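Just one chain is shown here, as structure tokens, and it is the form predicted on its own.
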Amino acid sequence: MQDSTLSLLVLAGLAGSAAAQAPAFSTPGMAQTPGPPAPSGEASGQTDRFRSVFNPAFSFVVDVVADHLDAEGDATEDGIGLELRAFELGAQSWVDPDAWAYFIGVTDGETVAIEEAAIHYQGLGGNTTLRAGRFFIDFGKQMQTHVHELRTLERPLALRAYLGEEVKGDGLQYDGWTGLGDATAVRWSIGAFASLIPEGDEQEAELELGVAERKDPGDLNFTARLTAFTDVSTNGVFQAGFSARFIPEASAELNGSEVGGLESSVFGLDLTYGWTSDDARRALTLGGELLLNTGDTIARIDDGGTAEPDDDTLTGFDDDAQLGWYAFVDWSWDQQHAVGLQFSAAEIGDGLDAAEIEAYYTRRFSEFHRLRLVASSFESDAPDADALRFAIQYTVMVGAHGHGLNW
């Protein structure tokens, strides 16, 4: 990004488009999800008693995965599988010159969930946005992204282990950004949520984690992020960020035994470098993130002296800190073809470690039509946990498609 380009980005942000997810900023490794154009004149897309105009932008996404899994120790997991991983329906619209709203509903063919439904308000002035509703947390550069938008088939192992497959919360978040000189921009955010425990999160069979519905202000769940990106050459951009997620009060229940007073904090440091050729056809992206999982991290379970899980009881939690990380490289030799490699490792408790490597080839037929071939390997010190997977991911997006910021 050259100096003149950053000036244009700053002007675009002052006009309000950056804060509302329009593609004014392009940071290395971000998902290609353009947001809505800024409203012009009185065309807000809303209806009133004198006009019948109502023109939100709709979209839908079909994400299908076929795979072959060779799982050690569990023959029921072996073989070929074919699944509709997600059918996503979304809508987005400006509701007035200062507010933009969107929702994302997703089904896997069996259950339906509202993954995001949020309002972005820009009327506070400056380069700030207040978002309210349900949305993915602002952590690193991958947790804001829906799974079909990732470079890889799955999120890195370390993120899945410490944060969850997807983490969305009902709450409020404040975003702001500023330019530093001609070549650097800095963004920050802070959010407060009712709960940031992923739905269906289970550390052991039938272990249920929860947060009280009503709580003191200090027992809300919180996120924070500080990040900056800067030009390092005519064609290179470097970004660094720090993220945090806090759950100060939670409980766990297993077969009727309950433990309260639990807390969890996860911290992340991410670094990303992106290079793009002069003709914008070739691109190289390098990145990674270091994660620290602290608090009550490991459940202690009494198995009752039998192998049956029905008589297991929860006796408490350990507070051993865990380290995890991932690194990746992605190379596009033109706008249609890309290859990449990602490695992730994580401490998962009780002296156990796990590691995962994923290699992929992506064929982009267009911005909205993609085929991906994936080979991945998972290894763990836990008995009979290793697995080898080959997958084909086929994704089609129709309509205006955009989610939250991920820079």
Partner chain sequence: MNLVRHLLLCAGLTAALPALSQEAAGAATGPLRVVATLPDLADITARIGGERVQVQSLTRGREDLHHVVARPSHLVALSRADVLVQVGLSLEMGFLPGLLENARNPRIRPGQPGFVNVSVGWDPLGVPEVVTRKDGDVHPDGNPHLNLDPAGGRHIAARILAGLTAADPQGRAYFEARAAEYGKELDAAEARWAAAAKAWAGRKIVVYHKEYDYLARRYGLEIVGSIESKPGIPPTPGHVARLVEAMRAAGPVVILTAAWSNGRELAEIGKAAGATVVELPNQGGGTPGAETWIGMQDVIHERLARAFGSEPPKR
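Residue numbers count along the first chain shown, from 1. The shown structure was predicted, so the numbers you read here are calculated from the model rather than taken from an experiment.
Not pictured, yet referred to below: the form predicted together with its partner chain.
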{"query": "Three-residue site Glu115, Trp331 and Gly340 fully in contact with its partner chain in the predicted complex at 4.5 Å by heavy atom", "finding": "no"}
{"query": "Sole residue of Pro248, Gly287, Gly164, Gly133 within 4.5 Å of its partner chain in the predicted complex, by heavy atom", "finding": "Pro248"}
{"query": "Partner-contacting position among Leu271, Ala321, Val95, Ala183 - heavy atom within 4.5 Å of its partner chain in the predicted complex", "finding": "Ala183"}
{"query": "Any non-hydrogen atom of Gly126 within 4.5 angstroms of its partner chain in the predicted complex", "finding": "yes"}
{"query": "Contact flag, Asp78 vs its partner chain in the predicted complex, heavy atom cut 4.5 Å", "finding": "no"}
{"query": "4.5 Å heavy atom contact, Trp188 to its partner chain in the predicted complex", "finding": "yes"}
{"query": "Trp100, heavy atom within 4.5 angstroms of its partner chain in the predicted complex", "finding": "yes"}
{"query": "Per-stretch contact check against its partner chain in the predicted complex, the hit in 165-173, 82-90, 137-145, 224-232 (non-hydrogen atom, 4.5 angstroms)", "finding": "224-232"}
{"query": "Any residue of 254-282 that, in the predicted complex, places a heavy atom within 4.5 Å of its partner chain", "finding": "Glu263, Ser265, Thr276, Ser277, Asp278, Asp279, Ala280, Arg281"}
